[in-house]
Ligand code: BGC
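Shown here is one chain on its own, the form predicted alone, set out as structure tokens.
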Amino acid sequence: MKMKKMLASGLVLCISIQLLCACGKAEQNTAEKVHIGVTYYDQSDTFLGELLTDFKEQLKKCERDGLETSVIIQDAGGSQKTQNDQVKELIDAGCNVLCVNLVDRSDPSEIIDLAREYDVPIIFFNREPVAEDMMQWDKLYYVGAYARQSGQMQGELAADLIKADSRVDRNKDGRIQYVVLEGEPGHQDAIIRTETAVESLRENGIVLEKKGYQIANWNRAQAQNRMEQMISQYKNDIELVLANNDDMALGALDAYKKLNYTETNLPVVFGIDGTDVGLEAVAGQRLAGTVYNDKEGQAEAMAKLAEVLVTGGDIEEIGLTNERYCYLPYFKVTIDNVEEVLENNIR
């Protein structure tokens, strides 16, 4: 009888150990599958399209023995309500981490509430939520860049060219007449890029005269239309165009081309982002310069952060600021270094 009790106890112990091992394996398997849901504000944004292409490539690099990655990407079409619904769909689809490029950076509360309810961490990217919203939950992160740095560098690029080439001041009045193509109404990055570019020019001793500005929503076609309006109003008085991104800078050039302006009558035009088409325009000396927004670095940071959040790796390796933010630096691109940048940018 005593032997039977011992055998029975041993059998229960073995079963218990097997069950524990099975649970451990199940938990491990769950943790080793990074299923990412991405929603971004508008598929027409060239920079975001390139960033997400790089992101998918970085996820492939994260894969190793025992680790799987998958990604679902959805376009919100400029609607915050649509994006809120997409987040619920992505969570229902089993995504265990979200990457969100907000339509409205001031209205993330519904998304945060959903993610918190299902315990799915969020990596916001490119469009930074306000600081107060980032404090709503301890599983919110941001990957992007400092908007102020991009504006400052754009202003420095323009100032350097104006000092080096007296032809920029075509009417020889000692002032540079300029216009601005701004990203979107009330958008933090757009406002900061514009303000700091102008501040940077003035800090570098350039006397400016503002002729006008137009909102073009980061869009090339809209920028062309808005630029045509300003050309109609100011004719040849425009000597400098500061655009908040490369697409709008190229839209400005499209306007001049459509109106049959000769090269000698064109203002100098600067963009921001270093998109593929933007870099090619710098190489062809159509854009005077751009400020490179490190999409490769941001994509890598997003992929590594997503992996760490799901698998429980060392988050300190990401190099976060204030435990939530990952900022990648900009750098300047001109005709002098654009070929090197293009070579390194080949996918």
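The first residue of the sequence shown is number 1, and the count goes up from there. Source: prediction; values computed, not measured.
Separately, the form predicted together with the ligand exists; it is not shown, and the next lines address it.
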The stretch from 40 to 48, 54 to 62, 300 to 308, 282 to 290 that lies within 4.5 Å of the ligand in the predicted complex, judged by heavy atoms, is 40 to 48
* Check whether Arg193 has any heavy atom within 4.5 Å of a heavy atom of the ligand in the predicted complex, and answer yes or no. => yes
### Query
Looking in the predicted complex, any heavy atom of Asn126 within 4.5 Å of the ligand?
yes
So in the predicted complex, is the ligand close enough to Trp218 to count as touching (4.5 Å, heavy atoms)? yes
Taking the ligand in the predicted complex and a 4.5 Å non-hydrogen atom cutoff, the residues of 175 to 198 making contact are His187, Asp189, Arg193
